[in-house]
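For reference, the chain that follows is the form predicted on its own, supplied as structure tokens.
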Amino acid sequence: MRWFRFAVLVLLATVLQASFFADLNIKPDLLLILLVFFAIYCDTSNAIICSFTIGFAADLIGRTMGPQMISFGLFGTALAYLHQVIVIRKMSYQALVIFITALLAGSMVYFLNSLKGEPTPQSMFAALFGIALYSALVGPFLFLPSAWWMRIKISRFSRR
């Protein structure tokens, strides 16, 4: 694992998420897309470290500390272990995994925030569904540049 490249990629995604996408009502979650990318294309121990680190970066731009690191860490770990059983290489499957992970992790973040006494927005489920949908649409297209930057070989277009 190239940790310096990983740090630069997570820092870039965090800055883009906090600044550029902050003005949009419903936006793709770049950090969640990176979470799924590293859970799919890294070995299990590196994927677990990456998921907790990405969750920490997501907490830095959020309102409270902890909920996103916990949910990203748990679901990133689950995806890393699931990847040992199921190979997720097709773009449609990757989009489905991003969509389901976004719904589950987002629901857990809202649940943990409600335990801390944070107010929940009125249209929480609509925003959660929109973020999951946009992340699933954009995510698989960001996997190829991320793999190029991290020097990870993916065989998306090869024949079996």
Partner chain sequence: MLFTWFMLAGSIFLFAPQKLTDNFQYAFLRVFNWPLSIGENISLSVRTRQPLGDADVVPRREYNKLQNYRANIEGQLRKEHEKVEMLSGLRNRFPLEAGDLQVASVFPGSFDKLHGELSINKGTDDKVAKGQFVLSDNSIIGTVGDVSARGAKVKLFTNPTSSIAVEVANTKRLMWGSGDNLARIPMVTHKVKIDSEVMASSRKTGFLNAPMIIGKVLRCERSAKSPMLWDIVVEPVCDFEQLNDVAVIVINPPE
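Computed from a predicted model, the values in this text were never measured in an experiment. Numbering follows the first chain given and starts at 1.
We do not show the form predicted together with its partner chain, though everything after this point is about it.
The three residues Ser45, Ile48 and Lys116 all sit with a heavy atom within 4.5 Å of its partner chain in the model of the complex.
Of the residues given (Ile100, Leu133, Ala127, Leu60), Leu60 alone sits with a heavy atom within 4.5 Å of its partner chain in the model of the complex.
The closest heavy atom approach of Leu74 to its partner chain in the model of the complex falls within 4.5 Å. Contact annotation for Phe52: at least one heavy atom lies within 4.5 Å of its partner chain in the model of the complex. For Phe20, a non-hydrogen atom is located within 4.5 Å of its partner chain in the model of the complex, even though that partner is not displayed. Contact check for Phe56: a heavy atom falls within 4.5 Å of its partner chain in the model of the complex. In the model of the complex, its partner chain lies within 4.5 angstroms of at least one heavy atom of each of the following residues of 66 to 88: Gly66, Pro67, Met69, Ile70, Gly73, Leu74, Thr77, in sequence order.
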